[in-house]
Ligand code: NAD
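Quick heads-up: it's one chain on its own, the form predicted alone, in structure tokens.
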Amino acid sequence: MSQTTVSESTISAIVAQVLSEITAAGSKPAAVNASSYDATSYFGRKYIGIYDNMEEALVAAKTSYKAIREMSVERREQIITEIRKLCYAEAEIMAKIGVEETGMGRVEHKLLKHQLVAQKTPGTEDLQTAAKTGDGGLTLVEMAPFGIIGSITPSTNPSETAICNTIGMLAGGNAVVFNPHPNAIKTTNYAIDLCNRASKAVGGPEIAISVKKPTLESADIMTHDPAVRMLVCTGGPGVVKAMLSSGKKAIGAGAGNPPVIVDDTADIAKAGKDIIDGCSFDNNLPCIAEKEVFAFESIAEELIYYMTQNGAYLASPEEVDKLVETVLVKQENEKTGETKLVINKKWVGRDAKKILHAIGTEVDDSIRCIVCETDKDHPFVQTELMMPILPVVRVCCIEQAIEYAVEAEHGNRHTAHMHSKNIDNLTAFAKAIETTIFVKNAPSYAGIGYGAEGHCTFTIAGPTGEGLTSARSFTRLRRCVTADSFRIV
């Protein structure tokens, strides 16, 4: 099997050339306005691979898969290389569209996320063939495509997820049909068009398909079409549960509420900076981002000090009460009549400065995160906010810290973080929390390869066990047996 691996130095050289050409041509818009694009076109350029309804999209996906099945691995990698080039070159455009359409996150951080997708999403090099030889002959086990994959993408990381999924799914030899989140359809369809433009640029077919107006009905049609052999869902617990009950092979990237423990052996100055950097990244939209901190009593004051030195605003108890009233709303259970506090979606992914303004507190643009001291049962601790609001809970010892952190994570087994130099403490927490990602002494985004080793993905499959998905996640194993032959030893 012929494979091509693109090194980071090669990507950097390609990107430099592309950006130079774009700057010379003056073709990259300096700003993005919602009125200048829709779900099917952008600045007069009609999108490729976007269809009126899911029925038409599925017909197109079948044609795409047929073409992809005839490709060599080297040909698939050629298309992936072109996707990387365009993703890097148009990262700023997608970042601006994403913030403009959804109102969530920060342009400068979404730019970095797209660059990360371009550089660190595995391609065909992720596929591996296993061979077993013996007196009985030769057996090969290869990673084969599922076929057509149905993918549901979120509003929090819409274009990043679509491009990351397309690269991995194409690398595995699949076609993909998307049903994007309705609140991020313009952003997602731009990314899908980008992938198809990349393919067309090197003489390839449409490789990713989407619809103009995704709905629950279009998702249902996609889910139950017999041609769709696998479902991949990156979103909230409700939609993930629906995919997992479809009866098909499904990959589900579910909810998280990542806790952080800081003990008395940590580099406190570094921990304070790292936690704020991670928590405030794209206004806390990444599912891996720090959501609550459990700090040893002996270092809590120092930790909070360094947080405030690195862009955090320490809210008073009165301000915390106002924040609760603003960013949380009561939701009633129709069956039991009980009420609970849930996030006010209006404030998901918003700037800390804007959230504070809503409660009458004015700060400057240097404030990236709101820090507050609470007890372990506070709704800010127990609820995944996806906002740059970070509760800090004081604990007496590692045993109490682990107990509280495991409780706050709610068994999602998604992501956890710890700042410590004590190997025993690090080991004890890792064993107790059982998360897919465990980041030690670094910002949360190290868990997806930013500033650290390891590949990137925006589909982290905790519920179904695939972990950080990549090309191999979208394949099935096939065995080929040659009895009594090809054993040459």
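Since the structure is predicted, the reported quantities are computational estimates derived from the model, not experimental observations. Sequential numbering from 1, following the sequence displayed.
If you look for the form predicted together with the named molecule, you will not find it shown, but the lines that follow are about it.
A.B. asks: Taking the named molecule in the predicted bound form as the reference, which of S210, T121, N157, T166 has a non-hydrogen atom within 4.5 Å?
C.D. replies: Checked against the cut-off, the match is N157.
A.B. asks: Considering the named molecule in the predicted bound form, which of V324, A242, M71, I221 comes within 4.5 Å of it through any heavy atom?
C.D. replies: Of V324, A242, M71, I221, the residue with a heavy atom within 4.5 Å of the named molecule in the predicted bound form is A242.
A.B. asks: Give a yes or no on whether every one of T153, L216 and G236 sits within 4.5 angstroms of the named molecule in the predicted bound form by heavy atom.
C.D. replies: The answer is yes; T153, L216 and G236 each reach the named molecule.
A.B. asks: Wondering, does S444 line up within 4.5 Å of the named molecule in the predicted bound form on heavy atoms?
C.D. replies: S444: no contact with the named molecule in the predicted bound form.
A.B. asks: Examine M143 and determine whether its closest non-hydrogen atom to the named molecule in the predicted bound form is within 4.5 angstroms.
C.D. replies: Although the named molecule is absent here, M143 would stay clear of it in the predicted bound form, with no heavy atoms inside 4.5 Å.
A.B. asks: Does G256 reach the named molecule in the predicted bound form if we count a contact as any heavy atom within 4.5 Å?
C.D. replies: So G256 counts as contacting the named molecule.
A.B. asks: Wondering, does V392 line up within 4.5 Å of the named molecule in the predicted bound form on heavy atoms?
C.D. replies: Heavy-atom contact with the named molecule at 4.5 Å: absent for V392.
A.B. asks: In the predicted bound form, which of the stretches 173-181, 296-304, 263-271, 315-323 has residues with heavy atoms within 4.5 Å of the named molecule?
C.D. replies: Checking each option against the 4.5 Å cut-off leaves 173-181.
A.B. asks: Just give me the residues of 277-303, first to last, that have a heavy atom within 4.5 Å of the named molecule in the predicted bound form.
C.D. replies: The stretch 277-303, when checked against the named molecule in the predicted bound form, contributes only C287 at the 4.5 Å heavy-atom cut-off.
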